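Next up: just one chain, as structure tokens, the form predicted alone.
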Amino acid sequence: MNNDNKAKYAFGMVGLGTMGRNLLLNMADNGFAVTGYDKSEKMLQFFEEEGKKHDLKGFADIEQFVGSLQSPRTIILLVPAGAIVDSVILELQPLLAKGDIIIDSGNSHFTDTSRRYLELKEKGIHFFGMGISGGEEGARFGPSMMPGGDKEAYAVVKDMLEAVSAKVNGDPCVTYIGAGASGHFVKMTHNGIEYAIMQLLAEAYDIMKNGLGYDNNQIQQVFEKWNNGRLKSFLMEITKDVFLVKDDKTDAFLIDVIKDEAKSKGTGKWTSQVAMDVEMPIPTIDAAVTTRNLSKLKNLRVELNEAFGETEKIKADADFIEDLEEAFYFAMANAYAQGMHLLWKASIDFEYGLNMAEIAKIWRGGCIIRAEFLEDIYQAYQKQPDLQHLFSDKNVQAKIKKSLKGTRNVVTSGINAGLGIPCFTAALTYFDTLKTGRMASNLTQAQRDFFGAHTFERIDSEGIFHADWNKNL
């Protein structure tokens, strides 16, 4: 490789968009020699302008970029998931040597990460996936990071990742997640939980606005109060601030002029799909994914709204907002519990070897789903590392029991008023079914055996049975 550049950089970034650029600036602030590569001259210009303090320079030529890196070359990818990741890897491969490291920090599907790991392993190149959460601000000042896969490669970047990550009580919000594609699997599940909490906030807003007739100022005050208590979280914090912003064009509140169609990038859908594959119920997350799809049916919703009429107001007493807080706590706990249960199952099925306490620990800061409740989750898995489900923890059980009465009042009130509250409802029905010692699924098995001879098991003896259902009719 012809290259006049002296190898002087410890880390290189492919992709100098908002996330990649800010993460490099974070690394430079922490004393690491870094550079970047991007085909866009505009992105390179932004990078060098924002990196003047550290005299940062980027490359538009990939060969010069790779040649500028110290051995073993460590290259982080922050490009859109999918085919672009594969094309970048193909470009890099001829320029790399055995022992070099590629880290995919985008939102890649975990199955793609598994495939890329095996392909690059054959060529002697280390590869692992690393989920990053925290958005633009997190990347710049301290994200939560979820690296999993090649442990030898992780050891090379461990000190850097700990330095640039968010900190909670002095603890870095990064850890080695586990084997294989575990880093991207955990990030995907994080995003599924994120979907659920965002939808719960939207449903709480809907209850207050359309069920109680609250104005934006009143809604903002409720969210602000909640954020000063046990519901304190990043998503609660930004939600309360949304209701303070005025629209430049109309001087109305900006929230009131935003079209009610939610977009998505797919990670929530992936979480639901994988949960189905491994037979883990995550209905609160599923409901959030489905509701985003429902929101896209705007014309149909308007037509049916005209046909069936408006919702009714909730007949609420003075304690209803306190009940709504209890309901939000309950449903939020369900979203986290379902996500953690999925991780528990994935760790077994995919042999990831996940440390559940460490995952909860690194989610306490930097990431989008950081919240006070994560401390309870962390403590639960610290006490009992093999805990199958969060609701088996005595501390969590006590808090869930206290929130049940308010939750039932909110859900029944919302349903009776005709409000769509899919995540609140899914959380409650999930919980009620999960705590049922003997479900009605014996009838399902009887039906399956009746029409398809699918057999069944008995409660009084071991074995597999089939009945002649028509014999005694």
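In this text, residue numbers run from 1 along the sequence as written. Keep in mind that what you see is a predicted model, and the values were worked out from it rather than measured.
Just so it is clear, the following notes concern the form predicted in complex with 6-phosphogluconic acid, a form of the same protein that is not shown.
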property	result
Ile132, Glu194 and Arg292 each touching 6-phosphogluconic acid in the model of the complex (heavy atom, 4.5 Å)	yes
One residue of Leu201, Ala380, Leu96, Ile368 in contact with 6-phosphogluconic acid, assessed in the model of the complex (non-hydrogen atom, 4.5 angstroms)	Ile368
Of Ser114, Ser264, Asn355, Asn227, the one that lies within 4.5 Å of 6-phosphogluconic acid in the model of the complex (heavy atoms)	Ser264
Per-stretch contact check against 6-phosphogluconic acid in the model of the complex, the hit in 334-342, 115-123, 72-80, 256-264 (non-hydrogen atom, 4.5 angstroms)	256-264
In the model of the complex, His184 touching 6-phosphogluconic acid (heavy atom, 4.5 Å)	no
Exercise: Asn107 in contact with 6-phosphogluconic acid in the model of the complex, heavy atom 4.5 Å	yes
Any non-hydrogen atom of His190 within 4.5 angstroms of 6-phosphogluconic acid in the model of the complex	yes
